[in-house]
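Look below for two forms of one protein chain, each set out as structure tokens: first structure 1, then structure 2.
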Structure 1
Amino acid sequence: MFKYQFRWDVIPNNLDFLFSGLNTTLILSALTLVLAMIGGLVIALLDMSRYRPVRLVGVGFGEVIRNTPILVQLLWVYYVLPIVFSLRIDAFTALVIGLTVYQSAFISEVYRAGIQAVPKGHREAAQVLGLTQIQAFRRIVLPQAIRMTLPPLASNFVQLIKFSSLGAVISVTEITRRGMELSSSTFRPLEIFTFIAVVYFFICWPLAMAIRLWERRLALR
């Protein structure tokens, strides 16, 4: 029934080629995470603004991004954005923009949850002692919110590593794209994509495990 002859030597013979793609994957994910952490903060601040129109912009943006597929957004950034704004962007930049926007919308929710999880009484205690609103936010709310936010942010990094594989569709030479290129020249897709899946797994799985441990330790405090 299953007559396929596996030829695994295709992997070691092209390891450098594949790992150059892995390098791009990791750089892309890290860069996007940093940008999305900033983007998420901007959206969270818009969401929590005391001015209704500003809030609507933040909330509306978040809703649109969270409720459309990321692949469609990427294709839109790659094909439509350059025409609408008549600028030239390469595939890598398009991917960074697309992933940043997408992930920002989720990270803003992470921030918001972190801030809202700090009991109101903690802030009131600070107010009664004479701290200004800004002091109370900086010294009492933010440190607690950040602590709660770190594990979900790390999970976002894992997600980004996986989502960055979508770059293959717009020809960003990350590891999945390298795999596609290699398989069309060697006709060994089974070996190659199996190997690539394993590589993703052994990056993402330990990270996810570490995050789970970390969350459990925070919960114990």
Structure 2
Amino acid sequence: MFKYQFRWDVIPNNLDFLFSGLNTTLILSALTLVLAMIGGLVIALLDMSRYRPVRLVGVGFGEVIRNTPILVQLLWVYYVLPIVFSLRIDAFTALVIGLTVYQSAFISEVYRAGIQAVPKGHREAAQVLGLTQIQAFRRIVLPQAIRMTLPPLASNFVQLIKFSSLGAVISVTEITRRGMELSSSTFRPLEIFTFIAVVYFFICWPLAMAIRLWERRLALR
């Protein structure tokens, strides 16, 4: 029977190297979430536009992004976009663009559901008070919609943390890529990737539990 000799000392001996990748993972996830929240709002507004051509652009963009694999989109941004537009895009920027576009398409659905959930009477009351449509949206509709969509947006942050591991494919030095590099030099993939899985779990699981608790509290109000 094959007997594997565990060498867990490879983890403490290389913690700084691995955690430098974790720092990149968290920065990348936070930056992408902010950009995706903005992009998602834009797409949601396009989807709900009264003008059919504008609405078709928003719906079409969302459908294409949501129904193609994120890895293919990421590789397209990294390899194809520079060729088409004669641009130089580094791996980190390509990952930010790819994840932002992908998450924006899903966050737009969250925003749209939140906006449509705002009672119609609130909009009518804003009109009675003399607010323009833009003022009513900015002061009345959007604050309520954001409050209702905060838990789903937080869930998207958890997804982003996990999706950031795809950066390893294009050599972004996040924690999974660091693990791959360390594994190739130490030949200890079992210990290294087990540790990385545990790190992801202890980041994502508390966030997921907090989101569930948050949703339950909102449901009771």
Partner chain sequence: MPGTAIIAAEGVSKRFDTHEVLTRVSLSVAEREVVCVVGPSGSGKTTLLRCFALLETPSEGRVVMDGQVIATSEPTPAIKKAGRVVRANIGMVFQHFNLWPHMSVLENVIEAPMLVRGLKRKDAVAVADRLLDKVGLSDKRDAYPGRLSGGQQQRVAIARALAMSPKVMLFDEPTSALDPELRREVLLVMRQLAAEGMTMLVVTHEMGFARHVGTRVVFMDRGEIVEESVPAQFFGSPRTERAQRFLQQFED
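In this text, the rigid core denotes the largest set of C-alpha atoms whose superposition between the two forms falls within 1.5 Å. Numbers follow structure 1, counted from its first residue as 1. Remember, it's a predicted structure, so these values are computed and weren't measured experimentally.
- Source of structure 1: the form predicted together with the partner chain.
- Two rigid parts turn against each other between the two structures; the point where they join, the hinge, is R112 in the list R112, L46, L95, T25.
- A two-part rigid motion is described between the two structures, in which the smaller part turns by 15 degrees against the larger.
- Here L131 exhibits a Cα shift of 5.3 Å between the two structures, evaluated on the superposed rigid core.
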